[in-house]
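Here's a solo chain for you in structure tokens, the form predicted alone.
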């Protein structure tokens, strides 16, 4: 197509998209939990052709002096050159850094994991969760796939019981007794691309993101509360349009939650 934007506009007038989806329709979403055996928790999420894998590694560390009763969560999003032509190998680019910051904000704002829950002994020992999110195939809507992969991987984490021996002051790890992480909230991201400043389409592909005049990502939790609105520039949205996005995000949350519960149920030993 010589004029990709005109090509898209022709479809959008008919309320559909070149890949056959309606404007408010997501691509097929699949999730596979526990796929990396060397991680403490992992998940692979496919959103159409966008494929993201998240591995969580848990380590023990001393809490910071100013927050003696808190553990740490360290998210990191990687966009290696193998996932799309536009990314180069080397230090993380702007998009990867922005995505890492977005994930950190979602963890903080949604309170999905309360850092106090990661503390083992006040001022002495706490868990550090390194959450590595790696994009294997990039075809737009990285943020939705990343938040979903992170949530699914954290739900898969089993931490061993750790106690501190009072006589020696050393930590003792009991690998036979493992407990799942306490996840207090389940944030789900829903991204939209704005076309010609007015039309909203959900779950944009890479091509749609490039042609769009702006994007917006809404993160909600299971109570329908807004955890985060991420709008990196682009065309402004009216209050009514934003409200439409939030309503669609709440519906999407139910779909994702249902999918994740189904997968977890299927792998839980009877």
Partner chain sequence: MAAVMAVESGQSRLRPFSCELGLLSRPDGRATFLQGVTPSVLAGLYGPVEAKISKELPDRAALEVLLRPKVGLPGVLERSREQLLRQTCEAVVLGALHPRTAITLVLQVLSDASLLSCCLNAACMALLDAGLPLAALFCGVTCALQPDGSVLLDPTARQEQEARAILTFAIGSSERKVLMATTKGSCSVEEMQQCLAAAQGAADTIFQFYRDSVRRRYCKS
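Numbering follows the first chain given and starts at 1. The structure presented is a predicted model; accordingly, all values stated were derived computationally and were not measured.
Another form exists, predicted in complex with the partner chain; not displayed. Remarks below refer to it.
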Check, residue by residue, if 67, 165 and 169 all come within 4.5 Å of the partner chain in the model of the complex, counting heavy atoms only.
no
Residue-level contact is defined here as any heavy atom of the residue lying within 4.5 Å of the partner chain in the model of the complex; does residue 246 satisfy this criterion?
yes
Non-hydrogen atom contact residue 237 with the partner chain in the model of the complex at 4.5 angstroms
yes
4.5 angstroms heavy atom contact with the partner chain in the model of the complex for residue 32
no
Although the partner isn't part of this model, could you tell me whether residue 98 comes within 4.5 Å of the partner chain in the model of the complex, counting any heavy atom of the residue?
yes
Interface residues of 192 to 213 toward the partner chain, as seen in the model of the complex [heavy atoms, 4.5 Å]:
none
